[in-house]
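As a starting point, one isolated chain is supplied in structure tokens, in the form predicted alone.
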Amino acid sequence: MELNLSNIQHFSVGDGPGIRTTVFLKGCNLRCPWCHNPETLSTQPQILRYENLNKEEICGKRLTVEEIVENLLADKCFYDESGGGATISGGEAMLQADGVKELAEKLQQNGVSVFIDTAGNLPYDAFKKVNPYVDGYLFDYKTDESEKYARIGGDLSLIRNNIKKLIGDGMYLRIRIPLIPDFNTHKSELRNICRTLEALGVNTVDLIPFHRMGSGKYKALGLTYEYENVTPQTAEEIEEIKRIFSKYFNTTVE
């Protein structure tokens, strides 16, 4: 079976425990205007043209599961020494659930830990296919307001139900919350997010401060980046948000 990839990133330290290799799959069913991986949104191959570097990069290729496993096993000694492994991300990794299942199963057979990075905006049947072969999920939760989720193409009730079902099925879950200025960082919404996640049984939350590191990719793709002029939070603002979440959860800031 083949998977539609954007990139394989070795020696990643922000996508789960230990040293990891992150497999970025192409295709996403959300359209978050702050996304820092816009090259993963489309399922089609794309050319990124970096005019300032006089460089072009083709993004998008299909690799067999066997090819990906061979690539990842080259780093197994680092996984073993650091408690790391592979993280399958996107885009939305679970849109390719059949291929992800096969990849995770073969990695598991080779003693490699597997985490899935997901926004959870799809039927739970996809998770049921993958659950037996993964160690856990890094699960984005972007807002506690249905209208805001609908604005970016998401279904809040579906996402909440998937969190509840994953926890009910005994899956390890880390909720990741991107802190997006003027979208989900008002104190009232932050507290609503905390209460909702607590009621669902969540106990670990990672806060991801907003950044503009993906802005160059938008220009290279010929796209407009709506958050080009949005100012990231200060360290003091991040610490204040962390204090809110720490009343409810084991909270880290990435």
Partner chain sequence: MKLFENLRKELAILPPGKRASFYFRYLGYSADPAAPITAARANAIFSLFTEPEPRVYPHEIIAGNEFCLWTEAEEPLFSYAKSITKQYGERDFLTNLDHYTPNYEHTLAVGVPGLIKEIELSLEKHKSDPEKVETLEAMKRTLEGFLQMISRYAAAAEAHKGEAGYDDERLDFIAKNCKALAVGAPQSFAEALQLVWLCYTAFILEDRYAMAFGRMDQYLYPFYEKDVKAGLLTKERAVELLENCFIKLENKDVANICIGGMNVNEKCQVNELSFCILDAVRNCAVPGPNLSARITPDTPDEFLDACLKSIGTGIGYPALMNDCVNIAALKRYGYADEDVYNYSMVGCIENFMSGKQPPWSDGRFDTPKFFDYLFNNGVSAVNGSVGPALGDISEIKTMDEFMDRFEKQLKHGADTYIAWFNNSNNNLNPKYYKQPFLSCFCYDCIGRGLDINDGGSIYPSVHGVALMGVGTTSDSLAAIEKVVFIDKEATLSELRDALNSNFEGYEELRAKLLAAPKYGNNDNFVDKYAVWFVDYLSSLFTRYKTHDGGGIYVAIAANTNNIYAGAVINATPDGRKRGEPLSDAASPTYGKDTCGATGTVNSVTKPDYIKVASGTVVNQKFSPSMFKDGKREKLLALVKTYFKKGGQEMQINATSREVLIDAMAHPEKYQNLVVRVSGFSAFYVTLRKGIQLDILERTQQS
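Computed from a predicted structure; not experimentally measured. Numbering follows the first chain given and starts at 1.
Beyond what is shown, the protein has a form predicted together with the partner chain; the following relates to that form.
Chemist: Considering non-hydrogen atoms and a 4.5 Å limit, does the partner chain approach Y172 in the predicted complex?
Modeler: Although the partner chain is absent here, Y172 would stay clear of it in the predicted complex, with no heavy atoms inside 4.5 Å.
Chemist: Does the 4.5 Å heavy atom contact test between I241 and the partner chain in the predicted complex come out positive?
Modeler: No, I241 is distant from the partner.
Chemist: Decide whether D155 counts as a contact residue for the partner chain in the predicted complex under a heavy atom distance cut-off of 4.5 Å.
Modeler: Contact check for D155: no, nothing within 4.5 Å of the partner chain in the predicted complex.
Chemist: At 4.5 Å between heavy atoms, is P232 in contact with the partner chain in the predicted complex?
Modeler: Taking the distances in the predicted complex, the answer for P232 is no, it never comes within 4.5 Å of the partner chain.
Chemist: Within 4.5 Å, heavy atoms only, one stretch in 69-77, 85-93, 116-124, 101-109 touches the partner chain in the predicted complex. Which?
Modeler: Going by heavy atoms within 4.5 Å, the stretch is 69-77.
Chemist: Quick one: name the residues from 16-42 with any non-hydrogen atom within 4.5 angstroms of the partner chain in the predicted complex.
Modeler: In sequence order, G16, P17, G18, I19 come within 4.5 Å of the partner.
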